[in-house]
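In structure tokens, the next block holds one chain alone, the form predicted on its own.
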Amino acid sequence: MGLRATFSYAGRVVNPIAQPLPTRTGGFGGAAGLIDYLKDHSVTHLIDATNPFAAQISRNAVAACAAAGVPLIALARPPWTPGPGDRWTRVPDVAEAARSLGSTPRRIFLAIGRTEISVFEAKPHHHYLLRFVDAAKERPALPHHDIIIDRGPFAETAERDLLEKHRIDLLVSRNSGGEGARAKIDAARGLGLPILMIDRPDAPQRHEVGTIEEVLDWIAHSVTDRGV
């Protein structure tokens, strides 16, 4: 017998990748709203596979599952770690990344998504390369910037060409981890470029695994009423 399951998206991407299961989009209204959803839809198990930088979503999931008595497992991408040839400077958050850019104008690939771009308005003398999945309704208030609309995953050779074409001399990246977005990290290493790497926020205490196979094994050994 198959499982009944639903994908839930936050709604930040206009056209998310189609999934072979029913899909919902949008927030729940915090932990309280998620509790109501779990009960109203008879959810028996929750898989938190959100972006590691969406810490509030994960905190809400942990709190809601604890209150509703619903087992939770988190699929957490392993973070990237620097290797030979990497030139990393680690910072704790986006605000510190902006403060670390310095006063000398640079050409920066700002690979942090869209939601915190405004933090870099305090450093208007740099030229920024931005890459979004969807076109923004309003252009960022950065005097010097280029925008690329594209969706990954990207190949290392293509990322290297991009960095060279735009004469990038610094990559700012969140440590999202996993394989789908690491090509830019490998490309920067190959070109000898420095990386300002933003550390992940602390995750809530939870049952956490690193592979889809481990999630499926957890489901197979714990699901009885088949609603996920």
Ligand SMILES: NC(=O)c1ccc[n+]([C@@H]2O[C@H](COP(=O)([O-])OP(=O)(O)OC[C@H]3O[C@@H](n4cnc5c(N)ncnc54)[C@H](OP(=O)(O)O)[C@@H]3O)[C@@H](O)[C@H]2O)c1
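Keep in mind it's a predicted model, so treat the numbers as computed, not measured. The first residue of the sequence shown is number 1, and the count goes up from there.
Only in words, not in the display: the form predicted in complex with this ligand, which the text now covers.
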(message) Just to be sure I understand the contacts: of G190, G69, G26, G180, which is the one whose heavy atoms reach within 4.5 angstroms of this ligand in the model of the complex?
(response) G26
(message) Just to confirm, with a 4.5 Å cut-off on non-hydrogen atoms, which of A10, I17, A220, I212 contacts this ligand in the model of the complex?
(response) A10
(request) Quick one: find which of 84 to 92, 129 to 137, 144 to 152, 115 to 123 has residues within 4.5 Å of this ligand in the model of the complex by heavy atom distance. (result) 115 to 123
(request) Examine S173 and determine whether its closest non-hydrogen atom to this ligand in the model of the complex is within 4.5 angstroms. (result) no
(request) Could you confirm whether Q56 comes within 4.5 Å of this ligand in the model of the complex, counting heavy atoms only? (result) yes
(request) Using a 4.5 Å heavy atom cut-off, state whether T50 contacts this ligand in the model of the complex. (result) yes
